[in-house]
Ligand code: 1HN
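Next up: a single chain in structure tokens, the form predicted alone.
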């Protein structure tokens, strides 16, 4: 059953006739695209050290003014996909972005969905469709598909954040493009204040908000408090929250999923092998991420990627302090396609 024949077994003239008609025989490659039991995966377990990234990013700020770069970013590329592909996984793009005091990254909108996880610095902001979202460490800010957004910095020190986009998927579908725009007028709306209490949604007289993305900024102070409140219940082993649309309860964006996780002091947590690839980013503390006979130590602001169908063990390296991680994965996409799996 496994011997399906090789392309070289076919006569040269037959192969040439196929090529002339833009035809390819399936059987020599069938097991390559549909192997038994596990799918082919280019995504490799990969670690990116923030300590190594930061000086290179700051030097980029010296070498390239924002007017020439528009978005000054170093891409976290997975070697399994090739550095030229700018992919962390099959559907996830990661980039570390720098904004210096006084700079403004012009308004634009694009087809890929994006989020910003703030790594360090104060005084920067992102305006999304007229809503000004202040940026503090650990905050998650959405810039969904088609939404006008721009970045500015009124503070004193560099601000750095992690960009997470579904760019590889949108590019593969031949739908990736952007449109430049004018500087936005800022309104008074603050979604993170209107939806600051879990289970409670503001209800205007004429019905709920019709905004597709009613909440754009998810402050870390609120996410951390939610995890700490969960930790008071000793029966809960996995302290994890999902960033959701507060009106619908669905994932905050429709292709990638975003989460925050807390490890108690000294805790080890085993995550099952799931179909989607996953990204881990250290917000506070230190943790070890073990997968595929590899182990990465995540210091503050370090990032790593785990391929799909790979069990992962997380371990808090501190015996007296909790560790907090941000996670992004492809679960919403897999569920929409009916392909989501968990392997025991």
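On a predicted model such as this, the values are computed, not experimentally measured, just so you know. Positions refer to the first chain, counted from 1.
Just so you know, the form predicted together with the ligand exists too; it's not on screen, but the next bit is about it.
K.L.:
Counting non-hydrogen atoms within 4.5 angstroms of the ligand in the predicted complex, say which of 153, 137, 110, 274 makes the cut.
P.N.:
Of the listed residues, the single hit is 110.
K.L.:
Here the chain is shown alone; which of 116, 224, 192, 81 has a heavy atom within 4.5 Å of the ligand in the predicted complex?
P.N.:
After the contact test, the surviving option is 116.
K.L.:
Only one of 237 to 245, 161 to 169, 262 to 270, 183 to 191 gets a heavy atom within 4.5 Å of the ligand in the predicted complex; which is it?
P.N.:
Within 4.5 Å of the partner lies stretch 161 to 169.
K.L.:
Considering only heavy atoms, tell me if residue 90 and the ligand come within 4.5 Å of each other in the predicted complex.
P.N.:
The answer is no: residue 90 has no heavy atom within 4.5 Å of the ligand.
K.L.:
Would you classify residue 211 as touching the ligand in the predicted complex, given a 4.5 Å non-hydrogen atom cut-off?
P.N.:
No, residue 211 sits far enough from the ligand in the predicted complex that none of its heavy atoms falls within 4.5 Å.
K.L.:
Test of understanding: in the predicted complex, would residue 127 fall inside 4.5 Å of the ligand by heavy atoms?
P.N.:
No, no contact at 4.5 Å.
K.L.:
With the partner left out of view, is residue 71 within 4.5 angstroms of the ligand in the predicted complex by any non-hydrogen atom?
P.N.:
Although the ligand is absent here, residue 71 would touch it in the predicted complex, with heavy atoms inside 4.5 Å.
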